[in-house]
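To begin, one chain is listed below as structure tokens, in the form predicted alone.
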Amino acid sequence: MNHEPSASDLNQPFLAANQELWDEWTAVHETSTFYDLDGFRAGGVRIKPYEIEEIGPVDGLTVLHLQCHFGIDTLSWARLGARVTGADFSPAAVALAQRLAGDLGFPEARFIQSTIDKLPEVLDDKFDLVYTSNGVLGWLPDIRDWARVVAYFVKPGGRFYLTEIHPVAQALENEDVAPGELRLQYPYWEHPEPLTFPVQGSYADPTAAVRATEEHGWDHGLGEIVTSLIEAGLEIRTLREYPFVNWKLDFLTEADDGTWRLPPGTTGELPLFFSILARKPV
């Protein structure tokens, strides 16, 4: 039987280039002040308070963290009592996550190297909570494929949680613009071919030397994200929108709490971040 190639298949060269980039970035991020790995080793969690409030206690729950990078957030959930599994497409990130888990006293934490679309081929478990956050969806070419994988791993009665930059913010130019300068620049809805941008170091250290010269990304509208999860069999329990981003964008200014927001006095409002909590029916 012939099958139509998936978006991931059609975009394989771009996804492979992104993986090589994240392998390089992992080495940069391990020693960056942005991630402050030494500080994390000393204790604490890197999950935002609003995420913990919306999800609730995780003590004793099984948690799958998709696109986990090198596991700081994954191991934060472990510090909160969860039994964790992390998955990422970067071999370098997974290797660092495994070392970090051992160093921190979580030898039972699992980290698996896989792309999202191939993960059901190498992982059979179902989880109480599937989690992903902060700059993950833009690296995926097809939101429906992603949602099907998410739903596959949520056990009946289990939950899925996502917190992410809002697609509205993604449609605005975020470099070389003044605070409060809102310039519509990029697609809002999903597009089959990636947007390609030059690489200058890493978001964690723009001065870092990396061999990669390009990164590739895709946009997904909020309606597309929500509908894909519903069509995959999940029930949306909450959809919340926030007036901040968790990292620097040039059209925003930094607030006292470390988030980035529209400058004081800006006329009007925009959603800049969002969260979704969903449940799989029993």
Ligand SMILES: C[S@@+](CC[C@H](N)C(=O)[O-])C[C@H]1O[C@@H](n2cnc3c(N)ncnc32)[C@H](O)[C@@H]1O
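Residue numbers run from 1 along the displayed sequence. All values reported here derive from a predicted model rather than from experimental measurement.
The next section is about a form of this same protein that is not shown, the form predicted together with the named molecule.
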Interface stretch in the model of the complex with the named molecule - options 182-190, 139-147, 165-173, 204-212, non-hydrogen atom within 4.5 Å = 139-147
So in the model of the complex, are 160, 224 and 275 all sitting within 4.5 Å of the named molecule, heavy atoms only?
-> no
Exactly one of 76, 98, 85, 133 comes within 4.5 Å of the named molecule in the model of the complex through a heavy atom, and that residue is 133
Interface check vs the named molecule in the model of the complex: of 151, 116, 109, 129, the one with a heavy atom inside 4.5 Å is 116
Report yes if any heavy atom of residue 69 sits within 4.5 Å of a heavy atom of the named molecule in the model of the complex; otherwise report no.
-> yes
How about residue 35: is it within 4.5 Å of the named molecule in the model of the complex, going by heavy atoms?
-> yes
Find out whether any non-hydrogen atom of residue 260 is located within 4.5 angstroms of the named molecule in the model of the complex, and reply yes or no.
-> no
If you check in the model of the complex, is residue 15 within 4.5 Å of the named molecule, heavy atoms only?
-> yes
Which residues within 77-95 place at least one heavy atom within 4.5 Å of the named molecule in the model of the complex?
-> 88, 89, 90
